[in-house]
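Just the one chain here, the form predicted alone, laid out as structure tokens.
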Amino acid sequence: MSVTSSPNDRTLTTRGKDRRDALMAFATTQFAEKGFHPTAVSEIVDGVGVGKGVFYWYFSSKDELLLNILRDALRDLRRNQNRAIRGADDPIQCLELGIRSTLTWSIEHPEVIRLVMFAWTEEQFAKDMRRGRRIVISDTARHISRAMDAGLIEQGDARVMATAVRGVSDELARQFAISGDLLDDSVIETAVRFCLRGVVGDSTRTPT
């Protein structure tokens, strides 16, 4: 039995990657502004200036396009977090830098946050969303566990604490995406201190 390779299995040239990225960027804006279901593939290809055949060379469906947008966004978020904590050894400092990076990234990508909110309501995307949440919570829990092992904070359930931290940053991102208001530095500072105080608790360690 022959196996047909999916579009995602193909190795893209630089030009091909640029065209794929253009489709994803335009679709992200359209989905965020008009909604996923009302946006047709024909509108996306017309906006980029290519034919439908080009679209289906890269994506088997509109659903797969959105999944690729969401997966790329998660990779980009984690790359930004990793850059933010590079060179930092202190686990609490890593946690702080990670929270700041997450909120800053959310400010810069409100359209993606709106797509994330939508994807949680659709069963065909929910599995990927749950997987993404597990990944980001595990990233945060790792720093909290390191802080516990170093005696910087009291022992506890690192995953529960990480879930609470993610909940704060996720809710702020959602509110920003809904209202269109800017998350300014004072909001980020408040969120960071709130999360760190919750993690550090009554420890003698003072959050920066």
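Keep in mind the model is a prediction, meaning the values are calculated, not measured. Numbers for residues come from their place in the sequence shown, where the first is 1.
The same protein has a further form, the form predicted together with the DNA, not shown here; the description that follows concerns it.
Look up in the predicted complex whether G53 has a non-hydrogen atom within 4.5 angstroms of the DNA, and give yes or no. Yes, G53 sits close enough to the DNA in the predicted complex that at least one of its heavy atoms falls within 4.5 Å.
So in the predicted complex, does S61 come within 4.5 Å of the DNA, heavy atom to heavy atom? Yes - in the predicted complex, heavy atoms of S61 and the DNA come within 4.5 Å of each other.
Taking 4.5 angstroms as the cut-off for heavy atoms, does V160 touch the DNA in the predicted complex? V160 lies outside the contact set for the DNA.
Does T13 reach the DNA in the predicted complex if we count a contact as any heavy atom within 4.5 Å? Contact check for T13: yes, within 4.5 Å of the DNA in the predicted complex.
Position in contact with the DNA when the complex is considered in the predicted complex, options S169, T39, N68, S145, heavy atoms within 4.5 Å: When the DNA is considered in the predicted complex, the option within 4.5 Å is T39.
Specify the contacting stretch among 135-143, 148-156, 31-39, 161-169, defined as having any heavy atom within 4.5 Å of the DNA in the predicted complex. It is the stretch 31-39.
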